[in-house]
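Only one chain is given next, in structure tokens, and it is the form predicted alone.
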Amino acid sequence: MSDKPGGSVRILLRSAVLVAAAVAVPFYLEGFWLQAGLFAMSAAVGAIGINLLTGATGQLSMGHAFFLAAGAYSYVYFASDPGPGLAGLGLPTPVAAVLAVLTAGVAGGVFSPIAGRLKGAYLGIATLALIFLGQHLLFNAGPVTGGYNGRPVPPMELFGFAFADSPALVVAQVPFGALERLWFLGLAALVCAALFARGVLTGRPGRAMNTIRDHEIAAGVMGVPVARYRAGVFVLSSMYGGLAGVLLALVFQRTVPEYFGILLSLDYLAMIVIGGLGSVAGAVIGAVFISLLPQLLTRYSDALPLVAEPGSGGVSPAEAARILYGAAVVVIVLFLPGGLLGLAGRLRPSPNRRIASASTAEKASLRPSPETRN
């Protein structure tokens, strides 16, 4: 019992150090790393959402990209002013962002009756249809989506503060453009999303979700409304996807239909498998790994063997990244079922293990030697 306060202090200290480091990042890193970090933050928000559905509840979803598209394009539609051939409501951007997340949740709610009754591969095949439906709408609903060319994304404005390159802003002699300002917005969104998901997983809903995943019949016997929980978690996961879509649109500054395809859904499944199923930290680790790998390969393609620069033939950085994390998925499924988070837990000695080792060493030191007994 005495070790718990010390453990809490260590957790608080680690959290404080991480937050301080994250806040200091825009003052020291260049634009490439800030943009890569923002992509990782948006991916982490979406990965947390699908981890609640797949990792904690055991429901396979192949349509997560559909809800990212719903969030991204809804934000653009609600926040943009009408133009030639384009529709928009011109709402304040914070209101547009909230409505975009709710729109993604409504889309998940429309599909939730199916999600409440299907499971496993059957749900995966059913959600796969959302990808094809989404692609059809994105390419053909021109007034809303902009069609093949997409639409520009209005910058976020909060209490008169614009998350854009203008007006000019200098903080501690560091120019703060769109990326520097969006960094703090993305960080706040990620922290709030992670804390809420952690509260869900550690509370009564999380225990019910894990019971449904591990013992569905037992969960029903215990009085857990299985279909209702499955449908509810599907809606919650959809809202996380919508929030990730809004962040992604703000970073890209333009919505592109091709991005929200089946490959993006597969990327999110790879994130939670590589990071660790059923945990918030695992989703974040997997999102950072999957989102940063192709960007790093692109940046350093000229210095890496077997990786060609984009458009020059050979194995492109995107293809090389998919090969690498495809191999990582195979290795983790076979040898590390807990993902990278589980590997870190194995390498880090636990307090109980340290206490047991100290107790064993103390007993060995107190045991009389053969010479003493003689």
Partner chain sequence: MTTFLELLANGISVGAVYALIALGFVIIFKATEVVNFAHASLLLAGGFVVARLHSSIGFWAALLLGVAGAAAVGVLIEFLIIRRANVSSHSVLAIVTIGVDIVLTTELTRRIGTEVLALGDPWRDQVVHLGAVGIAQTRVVALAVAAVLITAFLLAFKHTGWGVAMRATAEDPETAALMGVRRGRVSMGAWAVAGALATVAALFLCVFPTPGLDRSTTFAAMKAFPAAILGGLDSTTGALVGGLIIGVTETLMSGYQNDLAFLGRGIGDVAPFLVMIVVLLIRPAGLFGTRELARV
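Quick caveat, the model's predicted, so the values are computed rather than measured. Residue numbers count along the first chain shown, from 1.
Omitted from view is the form predicted together with its partner chain, to which the following refers.
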query	finding
Contact segment among 186-194, 267-275, 98-106, 230-238, judged by heavy atoms lying within 4.5 Å of its partner chain in the predicted bound form	267-275
Selected contact from Leu158, Ile217, Leu89, Val174, since only one has a non-hydrogen atom within 4.5 angstroms of its partner chain in the predicted bound form	Ile217
Contact residue in the predicted bound form, from Val226, Leu292, Leu118, Val256 (heavy atom within 4.5 Å of its partner chain)	Leu118
Whether Leu60, Pro113 and Leu128 all lie within 4.5 angstroms of its partner chain in the predicted bound form by heavy atom	yes
Interface membership of Val329, its partner chain in the predicted bound form, 4.5 Å heavy atom rule	yes
Tyr122, heavy atom within 4.5 angstroms of its partner chain in the predicted bound form	yes
4.5 angstroms heavy atom contact with its partner chain in the predicted bound form for Ala344	no
Contact flag, Gly31 vs its partner chain in the predicted bound form, heavy atom cut 4.5 Å	no
